[in-house]
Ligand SMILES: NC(=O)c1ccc[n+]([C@@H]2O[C@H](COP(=O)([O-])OP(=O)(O)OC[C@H]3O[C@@H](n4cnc5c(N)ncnc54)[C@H](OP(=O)(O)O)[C@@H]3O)[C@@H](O)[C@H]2O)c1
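Heads up, the chain below is alone and in the form predicted alone; it's given as structure tokens.
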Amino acid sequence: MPEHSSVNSQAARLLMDRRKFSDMRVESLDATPRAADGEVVFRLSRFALTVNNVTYATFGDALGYWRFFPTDREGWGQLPVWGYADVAESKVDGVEAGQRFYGYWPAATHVKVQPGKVGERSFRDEAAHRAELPEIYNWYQRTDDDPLHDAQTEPLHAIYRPLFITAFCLADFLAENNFFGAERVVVSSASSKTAYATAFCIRQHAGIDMIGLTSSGNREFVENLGLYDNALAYDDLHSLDLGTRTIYIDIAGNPQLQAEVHRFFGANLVYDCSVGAAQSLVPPSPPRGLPGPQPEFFFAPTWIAKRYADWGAGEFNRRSGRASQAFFDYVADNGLIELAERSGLEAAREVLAEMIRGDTDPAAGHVIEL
């Protein structure tokens, strides 16, 4: 069996009140987790924080995000994050102390998992409480044999890689459906990373007209992304031509805006795709009696499962990996992000509080080092 490694650093976790997300606390643990047979303890090294993490909290009960890393504190949850962790202690063959993995972790210094399906490049957490949760979140990738991994660009990958998978899948879904006959795509919260990654992916499929809706303060940023044909403040929605068949991608999760989009476009709104809740801390509910198509929620793990069946996991990973590398190159070449790297769980709490208040600079890429 793999040798034990020493785990000397103080263990801690960031807890969030599941009813009032702005209430957070960093809690030191009495002891660092230890691995029993069949278990591995990871020490988190680096993870990103984006508005997508707040969306995990927003949909935490509805979509099971709080269930991935349960706590012993009633009403408090551990927010999932994406990033990198190192094996601190292992009692599983094929997973060795010191190896580095990319994946889905709790906002904490340490986490214990139960690896199964251990291969040369990955494993799946087989913990019983995760068995019914979406498969895509349970896989962990070794970085020393990962063609997408580059130590110098780890922060970019931590920030964009999970968002990009949603963008890739959404664009693939729309292309599979011939964009529902639309000639134009309107995206709300266009300054968000998920939104402009989606715009990038859609452009790989079609030359369809891309319109980004954003706040007046973020309009210049959206214009400078180079991914939308036009950037409009929300108040300027009515300047668009009514005679063009339109898809609405709702990343804002703002029911009032959604209702306005439906009323304005009417019969020429051919599809409404709900993706996120960038402007809401509760799962948005579409207003009743909307004219036009019924809003449809897009859940990337469901589409991934379909493409795994259609293409096989290897082909899906090849296609999405090639597309993500092109996107990362675009981000780097055009200077779309300014890395904001900070240390410790207290810093993570401060960044999340800023995001919950809606004060996030769209150009900032927040990375927490532990």
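Fair warning: this is a prediction, and the values are worked out from it, not measured in the lab. Don't overthink the numbering: it's just position in the shown sequence, from 1.
Another form exists, predicted together with the named molecule; not displayed. Remarks below refer to it.
A.B. asks: Spot the stretch among 101 to 109, 287 to 295, 207 to 215, 122 to 130 with residues whose non-hydrogen atoms come within 4.5 Å of the named molecule in the model of the complex.
C.D. replies: Of the options, only 207 to 215 has residues within 4.5 Å of the partner.
A.B. asks: State yes or no: in the model of the complex, is some non-hydrogen atom of K193 no more than 4.5 angstroms from a non-hydrogen atom of the named molecule?
C.D. replies: Residue-level check for K193: yes, a contact with the named molecule.
A.B. asks: F299: heavy atom within 4.5 Å of the named molecule in the model of the complex?
C.D. replies: Heavy-atom contact with the named molecule at 4.5 Å: present for F299.
A.B. asks: Is V51 near the named molecule? Define near as a heavy atom within 4.5 Å, in the model of the complex.
C.D. replies: Because a heavy atom of V51 falls inside 4.5 Å of the named molecule in the model of the complex, the answer is yes.
A.B. asks: Is L79 near the named molecule? Define near as a heavy atom within 4.5 Å, in the model of the complex.
C.D. replies: No, L79 sits far enough from the named molecule in the model of the complex that none of its heavy atoms falls within 4.5 Å.
A.B. asks: Exactly one residue in V92, L163, C201, L227 has a non-hydrogen atom within 4.5 Å of the named molecule in the model of the complex; which is it?
C.D. replies: Checking each option against the named molecule in the model of the complex, the one that comes within 4.5 Å is L163.
A.B. asks: Could you check which residue among A182, L174, V113, V275 gets a heavy atom within 4.5 Å of the named molecule in the model of the complex?
C.D. replies: By the 4.5 Å heavy-atom cutoff, the listed residue in contact is V275.
A.B. asks: Check, residue by residue, if A85, Q141 and T143 all come within 4.5 Å of the named molecule in the model of the complex, counting heavy atoms only.
C.D. replies: So, no: the whole triplet misses the named molecule.
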